[in-house]
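Okay, here we've got a single chain as structure tokens, the form predicted on its own, with questions on binding and movement later.
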């Protein structure tokens, strides 16, 4: 009995520490949800008919989901009997890679993790770089079913396909050459083109290029080694990376939409297409003005990301600066700054934003400023607490003993070592900024009504909940997905930066 319990605990430990097993379980669960959603959408309840294309997609997803469940069971069996995943089980990952043709990101991610036994952070980032690019290509290719496309569509698709080919090469190179803490100098020929391909909005390509350059040029640097550990913990967090994948995908689509999408389909009225149900030409249907809802949501992502990020970056810098000065100098400076911010903190942020917009008008710039002002005190308090702690460290006293100025001590020694909690807080609060943006637009106090923004789209769709519910469901799901993605990424970043994890 004791041996059985010990074996059970050992198995549970292996399953808990196996990245492939956790990724596989998450993948089949996510794929199952999509399968059920497609199955329900394949039946038209009003006409009592089956939509063949949606039903076929549901069947294909179901086949891959069943295959993923079988692979998960095989992984569990291998870990129980052999203590590791066998090569024959890993080979099934190549079969699961075919799921990328259907756009199944969950299974594609799990397949890439399964086929590679030794996974470096660079390999993981290269995989997500490729997945982001493939997602942008898939979404952009849907425009082929539309009556007309942007003039630059073919050129843009050719560039995206060429970039995806290079990203696939990057995955292969990182899988073969990159090992933990050992990056060959020859990978510079991969790093610099990655920075160039990030012009498509692919954040993973930008991060991977920078990381490769830093690791090659600063090999053996203790500071770089510390951040490498943080990066490895972050890339091993499945939910955090999938959240970042959705954020990077939306950002890349927003950038590429300038050349692959026609803005006229999002803003020009077409009264011959009013309230059309979802179809191949209009994947999410059309609104009461005949505008393509799919195109409007794509262009709306740009506004939500810009406002959400900018209304977080501005208070991050302003509040961080005030908090650093307040915490370092203390006494009268601390009292003046913090008491002034307490007055601002006493006003609810959303009410302050409404008052500012009502006074100066509803537009994008005023919305960013309105949301930024109310967030300054929270960032100032966070930075002040960090500075008060870091100021007691010995290297700060050493800097004072060497005669460094207060400005140099604050911005060269204290602030850089106080940024980790601020970065985590920023990623966790961007989601709140996105909700505030959509809420104000829904109330008519945010983005101008004629601009495609998720809050505006949701407001318009809310009047058709009983007849054409998809007009409200799809923008609502987009808001929920983006907010959850930022929260998942923020939680993962917090765990990666937590010193208790060392």
Partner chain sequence: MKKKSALALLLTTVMVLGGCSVATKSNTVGNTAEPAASEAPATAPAGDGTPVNIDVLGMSSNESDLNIVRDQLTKNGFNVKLNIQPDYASFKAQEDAGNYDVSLSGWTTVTGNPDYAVRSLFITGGDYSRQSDPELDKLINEAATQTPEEYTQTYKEFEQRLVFDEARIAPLYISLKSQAVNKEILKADTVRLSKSRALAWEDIDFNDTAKRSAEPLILSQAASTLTSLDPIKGNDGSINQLNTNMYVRLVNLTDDDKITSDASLSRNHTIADGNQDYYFILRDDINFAKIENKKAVDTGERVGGDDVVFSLDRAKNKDSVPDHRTYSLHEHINTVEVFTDLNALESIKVAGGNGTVKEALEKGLDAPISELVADKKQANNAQGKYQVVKLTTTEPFPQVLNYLAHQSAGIVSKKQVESINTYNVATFDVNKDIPYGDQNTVTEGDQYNNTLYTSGPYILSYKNDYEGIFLKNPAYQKGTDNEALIDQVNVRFIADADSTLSALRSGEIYVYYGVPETKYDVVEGDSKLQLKSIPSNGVSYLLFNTENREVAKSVDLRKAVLYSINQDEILAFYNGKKIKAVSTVSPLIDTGNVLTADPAKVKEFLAAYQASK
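Values in this document were obtained by computation on a predicted structure and should not be read as measured data. Positions refer to the first chain, counted from 1.
Separately, the form predicted together with its partner chain exists; it is not shown, and the next lines address it.
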Heavy atom to heavy atom, is residue 463 within 4.5 Å of its partner chain in the predicted bound form? yes
Within 4.5 Å, heavy atoms only: does residue 73 come near its partner chain in the predicted bound form? no
At the 4.5 Å heavy atom threshold, is residue 425 in contact with its partner chain in the predicted bound form? no
Any chance residue 335 has a heavy atom within 4.5 Å of its partner chain in the predicted bound form? no
I need the one stretch from 233-241, 304-312, 376-384, 154-162 whose residues put non-hydrogen atoms within 4.5 angstroms of its partner chain in the predicted bound form. 154-162
By the heavy atom within 4.5 Å rule, which residue out of 395, 263, 360, 411 makes contact with its partner chain in the predicted bound form? 263
Listed residue that, although its partner chain is not shown, lies within 4.5 Å of it in the predicted bound form (heavy atoms), from 195, 216, 172, 365: 172
Hey, which residues along 78-106 are within 4.5 angstroms of its partner chain in the predicted bound form, non-hydrogen atoms only? 94, 97
